[in-house]
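As a starting point, one isolated chain is supplied in structure tokens, in the form predicted alone.
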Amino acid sequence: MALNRAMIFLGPPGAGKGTQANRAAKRYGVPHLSTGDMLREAVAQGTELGRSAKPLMERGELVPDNIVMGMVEERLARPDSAQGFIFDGFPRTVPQAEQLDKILARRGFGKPLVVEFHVSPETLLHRVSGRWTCSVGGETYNIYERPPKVPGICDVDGGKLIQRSDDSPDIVRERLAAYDRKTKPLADYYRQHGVLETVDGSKGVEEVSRELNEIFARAAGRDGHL
């Protein structure tokens, strides 16, 4: 089943966008695109882009559009994006959404399908500040909901668990405040364009996946995609 369109998953940090985007990307055989992952890779590699973005990311601030949009357009030009793609947490502002609409038009895609994940602030803080990742294999844990058998050690390969600097409680609060301030207006933007759907991100992974499948099916019935 081909995707042949842009999909956008919106929601604050910890809402479950990444998990669901990864699942949907595998189902449709398209790239799962996270600007956060792209930026963190650039920081780790010490590229010019990474050096510019690093201090902003460490403070929980949004990276300027001129950096982000150039990176996005370059990524969408790759062959693996030709049949569609799924954005995880992008765009973050209305100006970015407007620029993305122009990029999609240039690349022959129509309107995106946008899904907003709703989760309470208390649940989000609990999810994100408790998140730790294996430094060897990348396995993810949550010290509150899915702790490792031995504190600080990965169950799979014994690697040391580390916490991203932007997952500390203080930075998480700043990230949530930035989301409230700059990203929530996106819902109104996409609602006005008739492409916004919503899911309850506080539900279990399988239940959210089922809701997304229903959304995809409705979209297919409306416009013939998928």
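All of these numbers come straight from a predicted model, not from anything done at the bench. Each form is matched to the other, and the largest set of C-alpha atoms that superpose within 1.5 Å is called the rigid core. In this text, residue numbers run from 1 along the sequence as written.
Another form exists, predicted together with a small molecule; not displayed. Remarks below refer to it.
Asks: I need to confirm a contact call. Of 61, 41, 188, 180, which residue comes within 4.5 Å of the small molecule in the predicted complex, counting heavy atoms only?
Replies: Exactly one listed residue reaches within 4.5 Å, namely 61.
Asks: Though the small molecule is not shown, can you say which of 161, 172, 68, 199 has a heavy atom within 4.5 Å of it in the predicted complex?
Replies: Of the candidates 161, 172, 68, 199, 68 is the one lying within 4.5 Å of the small molecule in the predicted complex.
Asks: Taking the small molecule as it sits in the predicted complex, is residue 96 in contact with it (heavy atom to heavy atom, 4.5 Å or less)?
Replies: Residue 96: contacts the small molecule in the predicted complex.
Asks: Is there a heavy atom of residue 111 lying 4.5 Å or less from a heavy atom of the small molecule in the predicted complex?
Replies: No, residue 111 is distant from the partner.
Asks: How about residue 36: is it within 4.5 Å of the small molecule in the predicted complex, going by heavy atoms?
Replies: Heavy-atom contact with the small molecule at 4.5 Å: present for residue 36.
Asks: Given that the small molecule is not shown alongside this chain, does residue 85 nevertheless sit within 4.5 Å of it in the predicted complex, heavy atom to heavy atom?
Replies: No - in the predicted complex, heavy atoms of residue 85 and the small molecule never come within 4.5 Å of each other.
Asks: Look at the candidate spot formed by 119, 145 and 203 and say whether the small molecule comes within 4.5 Å of a heavy atom in all three of them in the predicted complex.
Replies: No.
Asks: Using a 4.5 Å heavy atom cut-off, indicate which stretch of 163-171, 44-52, 191-199, 24-32 touches the small molecule in the predicted complex.
Replies: Careful reading of the contacts points to 163-171.
Asks: Once the core is aligned, does residue 83 move its Cα by at least 2 Å between the shown form and the other one?
Replies: Where the cores coincide, residue 83 shows only a C-alpha shift between the shown form and the other one that is less than 2 Å.
Asks: For residue 120, is the CA shift between the shown form and the other one at least 2 Å following rigid-core superposition?
Replies: No, shifts by less than 2 Å.
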